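There is one chain below, alone, in structure tokens, taken in the form predicted on its own.
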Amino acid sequence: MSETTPSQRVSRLLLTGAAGGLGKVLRERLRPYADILRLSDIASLAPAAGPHEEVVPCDLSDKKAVDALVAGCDAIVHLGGVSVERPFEEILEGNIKGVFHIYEAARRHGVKRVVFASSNHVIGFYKQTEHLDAHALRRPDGYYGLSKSFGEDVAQFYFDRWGIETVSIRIGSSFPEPANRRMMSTWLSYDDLTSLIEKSLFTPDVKHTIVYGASANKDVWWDNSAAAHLGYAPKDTSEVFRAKVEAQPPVAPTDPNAIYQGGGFTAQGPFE
């Protein structure tokens, strides 16, 4: 992780979804970028607040609670919400109501920069043979993908109407290492994710920028030329894991994980 400079620091940075998988990773990595890191989740956060941290539990579906959560913050990294495919009613509360409440609170409290954790599942129904840029028509692969597509629309609206700037990161697969062949293309290392969030927080004049969150993988499906102004230059690659991944039994050619960019999300549900 690169060293911060005075121009790459805010007084109070809000991280939602701080108890989740990526939230736990970013809690440590985002500390240098703020005098105070405010951590929030509906789940309990451990350990308790350390130096230069605040822990504020919050249900994103509660508009008043979110308004109080955002008060006093200078920027927001919004990871909060349901992070997997679930019934629509569950997605509605945390992901759809939640992202609206975050932006309404940002408007009310004068927050001018949001980093929104969007997802590759916004374009999950494209085939793995297709190459996409940020202008590709969205093709969500489930209720989760729909919620992230809605979040990108909210981000655009709040920029056009109130000047709140957002970088929507269409996160691929951010784990310690790729778990399967599909993730060889979608993998995003923690170091590259941290770098991308840093660029998203501090690059001036981003308006609403959509960027694909992937490392410098050999067979990547996404073109980030429309986000070149961020200066994001991933350093890691999934190639170091290729032998391990290719030792796995191959998936059937009819398996969604071998066909669609969104993989198995395209086949989950309905939840009746």
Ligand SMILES: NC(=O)c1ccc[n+]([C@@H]2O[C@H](COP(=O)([O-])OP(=O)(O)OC[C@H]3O[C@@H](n4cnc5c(N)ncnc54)[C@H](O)[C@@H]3O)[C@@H](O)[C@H]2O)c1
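Predicted, not measured: the structure shown is a model, and the values here were computed from it. In this text, residue numbers run from 1 along the sequence as written.
Below, we refer to the form predicted together with the named molecule, which is not included among the displayed structures.
The named molecule in the model of the complex is not approached by residue 168, whose heavy atoms all lie more than 4.5 angstroms from it. Within 4.5 Å of any heavy atom of the named molecule in the model of the complex lies no heavy atom of residue 256. Interface residue remark: residue 214 is not counted as part of the site for the named molecule in the model of the complex, having no heavy atom within 4.5 Å. Heavy atoms of residue 20 reach within 4.5 Å of the named molecule in the model of the complex, making it an interface residue.
Note on contacts: among 100, 175, 159, 88, the single residue with a heavy atom within 4.5 Å of the named molecule in the model of the complex is 175. The partner is absent here, but in the model of the complex a heavy atom of 79, alone among 73, 197, 105, 79, sits within 4.5 Å of the named molecule. Segments offered: 160 to 168, 143 to 151, 106 to 114, 130 to 138. Contacting the named molecule in the model of the complex at heavy atom distances within 4.5 Å is 143 to 151.
Although the named molecule is not shown here, in the model of the complex the stretch 32 to 55 places heavy atoms of 41, 42, 43 within 4.5 Å of it, in sequence order.
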